[in-house]
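Presented below, as structure tokens, is a lone chain in the form predicted alone.
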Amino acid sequence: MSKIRTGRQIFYNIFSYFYDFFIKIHSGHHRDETRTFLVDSARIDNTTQIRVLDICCGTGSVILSFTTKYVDALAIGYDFSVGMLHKAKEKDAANKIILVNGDAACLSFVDDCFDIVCCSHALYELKGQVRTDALLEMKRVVKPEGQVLIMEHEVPRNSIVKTMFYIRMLMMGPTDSHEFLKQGLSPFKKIFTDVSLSHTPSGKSKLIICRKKI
């Protein structure tokens, strides 16, 4: 792993102590909306025990929401930050999820093994080829009839939160972040056969739904 990636690991290990507070400020009274919208957008057919993988799971809020709706699911949270995983473990008092430390660009799973692969508000923080590699890995591990669900921010309206948002963008590198924000669905259409877009009711987040087989 590069020195840049190692540096970001250290940053997120520290940020894990403040992450949920930041999300609370950013989302306000809509903080449960994005998780509910993402989970409810999953389309799962003809499975006895669904398998869900949450890439860049952070402190585990999304993957735990999946276990609330699908109580028998095999639910895996995957993140490169040990600090984030520790916070996720603290939330998981009932031991509903499996937590794995690893790189999104090199997933430690066999092909075609998950019904749902999701990544919430994190893909935009990956740089260039790492982001492309992560998408290719998501495509590889999702079942042919499964879905890859990518939730991303719309640019915040609140001036304070917008400033914090752009600071995080600048951490990626101004050229890369600006390019990704303007590309829309094109990075996903280069990889997946079927791509569609929807928005949460508040308009704070967008959901890109990807399939590798129609």
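Numbering starts at 1 and follows the sequence shown. Since this is a predicted model, take the numbers as computed values, not measurements.
Separately, the form predicted in complex with a small molecule exists; it is not shown, and the next lines address it.
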request  = Look at the stretches 49-57, 142-150, 64-72, 185-193 and give the one with heavy atoms within 4.5 Å of the small molecule in the predicted complex.
outcome  = 49-57
task = Please run the contact check for A122 against the small molecule in the predicted complex: heavy atoms, 4.5 angstroms, yes or no?
result = yes
task = Would you please decide whether V130 lies within 4.5 angstroms of the small molecule in the predicted complex, comparing each non-hydrogen atom pair?
result = yes
ask   = Do F114 and the small molecule come within 4.5 Å of each other in the predicted complex, heavy atoms counted?
value = no
ask   = Does at least one non-hydrogen atom of D92 fall within 4.5 angstroms of the small molecule in the predicted complex?
value = no
note = In this chain shown alone, the residue from I76, A88, L135, L126 with a heavy atom within 4.5 Å of the small molecule in the predicted complex is L126
